[in-house]
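Only one chain is included here, represented as C-alpha cells and corresponding to the form predicted alone.
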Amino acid sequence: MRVNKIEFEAFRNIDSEVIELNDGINVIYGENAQGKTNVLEGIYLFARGKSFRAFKDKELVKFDKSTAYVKMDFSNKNDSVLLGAEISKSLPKKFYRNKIKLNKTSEIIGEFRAVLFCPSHLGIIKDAPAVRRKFLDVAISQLRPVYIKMMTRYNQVLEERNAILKMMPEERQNNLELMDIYSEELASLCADIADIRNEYIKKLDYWVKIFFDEMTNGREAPKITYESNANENDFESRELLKNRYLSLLKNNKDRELRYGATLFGIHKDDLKIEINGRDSRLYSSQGQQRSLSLAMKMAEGEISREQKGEYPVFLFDDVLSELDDSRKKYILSNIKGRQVIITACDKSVFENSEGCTFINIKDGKRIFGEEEITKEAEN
C-alpha cells in the first residue's frame, strides 16, 4: 500500500498544498508548529475516519475558513483509489471514494490502512487499560470493518443498560425485564468481540516476541495475553463464551444495581504484558516499555500484511526524537519494503539511510530545497 499524493485546502494551517510521496522513507522535516504533523493527520484521517489528535472536527478547518478539503491518491495491490474528505465547521464531515459520496463515516475504514506511531503511544504499556483497548480497537477495525458495527452496537446497549441501573428503585422495577433483554444482547456481543480480540492478541504476542527478541538480542522474553471476564476454556466455542458473560451479568445484578453501572463485559478488558514473567506495567524500565511499544506497532503492521497481503503505510510522528540511538537504528533498519512517512525537526538522522525523500514544511507550505530541486530536475 502506498500514498502517491495528498492535497490539502484550508486544513489546519495549510492553505493549499499538494505533496507527492515516494516508496521507502519520506521524511517531512521542519521546525516545530510548521505543519508537519498536519500532513500525517490528513493521511490518517482516511485510515480511521477521524483525527488522531483533534477532539472536534471543526479544529481541522483553518481558522479563517468554513470548510477544509483533503484528497488522497493511494495504491493498493489491486488498483489506485482516490479518497476525499470534506470537513465543515458546522456540518458533519463527508467522505468520498473515487468522487462518490459514502453514506457513513464508518464506510471509509478499511479502504486505506495505516499504522500510526506517535510519542503518546510510548506510554501504552503503563497507561490505563482504556488506552490498550483503544490500540486493539483501532488495529482490528482496519482489518475487519464489521468490528466497528459490533463496537458501536455494544456501546449503545451498554449505555441503555447503564441507564436502567441508574434509575430510582420505583422506576427500575418496571424496566428489569428490559434489562434482561439488554443483558442477553450484551452477552452475545461480548462473545463476538472477545473472540476477535483474543485471536488478534495471539498474533500480536507472536510478532512482539520476534521484534523484542531482535531488539534485546534474546535477553528478555515478553508475553502478551488477554485479560477479560472470560476464562481460557470459554474461548473453545461461541456458546460457552456467550454463556460466561450472560451468567456474570445475571448473577451480579444486585451488585451492579448498587454501583449503578455494568461491571462485566468487554469494556473492562485489558492486555496483560509481561517481561520475563513480571508485569511490565509495574516492573519494566522506561527503555523496556519503549521497546515493547515499538514492537507492538511493528507487530501491528505485520498482522495487517498477513491478513491483507500487503503492508499498510507506516506513519511515525516525531517519535524518533523520543528514542535512544539503538532504537532509532532498529527502526531505520527494519522498515525496508514498505512506505514510511516520518516527521522530524532534524533530518540529519536520516542522511545515511538509503532511499529517503526529504520534504521541508514551513508555515504549512512545502519549501523546495536541494533534494526536491534535484528530484524535479531529474523528472
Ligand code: ATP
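Just count from 1 along the sequence shown to find any residue number. Predicted, not measured: the structure shown is a model, and the values here were computed from it.
What follows is about the form predicted together with adenosine-5'-triphosphate, which we do not show.
Taking a 4.5 Å heavy atom cutoff to adenosine-5'-triphosphate in the predicted bound form, the contact residue among L320, V61, L332, V349 is V61.
Using a 4.5 Å cut-off to adenosine-5'-triphosphate in the predicted bound form, not one of S188, N243 and K250 places a heavy atom inside that distance. Although the partner is absent here, N22 is not a contact residue: none of its heavy atoms lies within 4.5 angstroms of adenosine-5'-triphosphate in the predicted bound form. Heavy atoms of S16 never reach within 4.5 Å of adenosine-5'-triphosphate in the predicted bound form, leaving it off the interface.
At a distance threshold of 4.5 angstroms between non-hydrogen atoms, K336 is out of contact with adenosine-5'-triphosphate in the predicted bound form. adenosine-5'-triphosphate is not drawn, but in the predicted bound form it has no heavy atom within 4.5 Å of R366. Comparing 322-330, 350-358, 306-314, 51-59 against adenosine-5'-triphosphate in the predicted bound form, the single stretch with non-hydrogen atoms within 4.5 angstroms of it is 51-59. Contacts between stretch 1-31 and adenosine-5'-triphosphate, counted in the predicted bound form as any heavy atom lying within 4.5 Å, involve R12, N13, E31, listed in sequence order.
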